[in-house]
Structure formats: C-alpha cells, structure tokens
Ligand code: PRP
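Given as structure tokens, the chain that follows is alone and in the form predicted on its own.
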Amino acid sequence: MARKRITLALAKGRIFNDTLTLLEKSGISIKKIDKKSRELIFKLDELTILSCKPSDVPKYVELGAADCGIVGSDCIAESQCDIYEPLSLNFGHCKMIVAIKKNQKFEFKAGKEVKIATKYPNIASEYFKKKKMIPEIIYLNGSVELAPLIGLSDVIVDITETGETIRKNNLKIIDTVMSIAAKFIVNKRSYRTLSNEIQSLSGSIKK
C-alpha cells in the first residue's frame, strides 16, 4: 500500500536552516527546497513542505492546512492553538526574558500596573497576571528594545540567545519567562488518520 503524502509546515527565519539540516540528516532529500526562492510550497518525495511565517505555523497545523510542523516553542505558546507537541528538538535554543533600562529599578508587586512592549502579548500578559500585576500590553512587531529607552514602556518581553542585543541597547535582564526550543507539532486529526506516516517522520527526525 502506498504511503500517504503528508504536509509539513516549516518556520522561515531563525530556525529554518537548522530545520533543513535536521531533515537532511533524517534521510529526507531537500534538494528541491531553494532557500533563496520566494516559492512557499515544495513537493518532496513523500512530503509537501510549506514555508511559513513562524507565528503562522501553529495555526496552519491546528486548522489542518498542514498535518505537522516544526516551529519554536515561543510561537506555540503565543498562538494558544489546540495541537499536539510530541517532540522537542535539539536546536533553536534561546529564552524569553523581561528586560528594563540598565539604570532602572523594578519591583514585581501585586496590584502594580506595568506597561509591556512585546511581540508576544499573550505570553507577556499571562506572565504578569501570574505575578498578580496589571499588564498593559503595547504590541510592537520589531525593535522592542527601543520602547523603554523612550519611555513608551516600563519593560519589554522578548526573546534572546546571548543577551548581546539587550546589553548593547543599555537594557538589563531581570527575569526569564520561559526557555525556548524548536518543536515538532501535529494536527490532532492528522495524528489519527496519518499516524503511521507521522510517527515514521517523527521517529526519523528524533534519531
């Protein structure tokens, strides 16, 4: 019986090259994937690859546009999508942090209002609510480090690998919200209907 083709959504950007390396090491030919191409769909031997904006990958998987995906756990947490997360992968490591101006003091105090600049409104809001604080989210899509420097926010919530960008912008890290890594995620219906194919794929990339 012929194997069914499955659709795999891959996050462009930070983890894309590592993801392709993982697929190649797993015995999957990636020759048809042109990193410089503007194409968004690539047909491999047994896979259809969707090249997606990272924040969209969990939604594509949840809605069944893709059977499975590889994306950072930050995007999964922020999306709040109803999906399976059967496998953590050994790349894409970084952390989500809270940072303030270098010369500023900050107190985590219950009932205190706090202005937060971030690309991750759901994660940031939940984090500060757990601290029993009152979050005011300022959604920014880039250069969030600028916000506290010009008085737009009290803190930022953002991801960092080394902390270098934080330090170069006269900010300091005061807490870690979560550790981040790439994950293999699966649509719940596909997990049932394509279980053999998906387990075969997850097994090969797990090695």
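All residue numbers refer to positions in the sequence shown, first residue = 1. Here the structure is a predicted model, which is why all the values come from computation and not from measurement.
Another form exists, predicted together with the named molecule; not displayed. Remarks below refer to it.
Residue contact check for R14: one or more of its heavy atoms lie within 4.5 Å of the named molecule in the predicted bound form. For E164, a non-hydrogen atom is located within 4.5 Å of the named molecule in the predicted bound form, even though that partner is not displayed.
The named molecule in the predicted bound form is approached by E145, whose closest heavy atom lies within 4.5 angstroms of it. A residue is said to contact a partner when one of its heavy atoms sits within 4.5 Å of a partner heavy atom; N141 meets this definition for the named molecule in the predicted bound form. Screening 36 to 44, 64 to 72, 178 to 186, 164 to 172 for residues having heavy atoms within 4.5 Å of the named molecule in the predicted bound form returns a single hit, 164 to 172.
In the predicted bound form, K119 is the single residue of 113 to 140 with at least one heavy atom within 4.5 Å of the named molecule.
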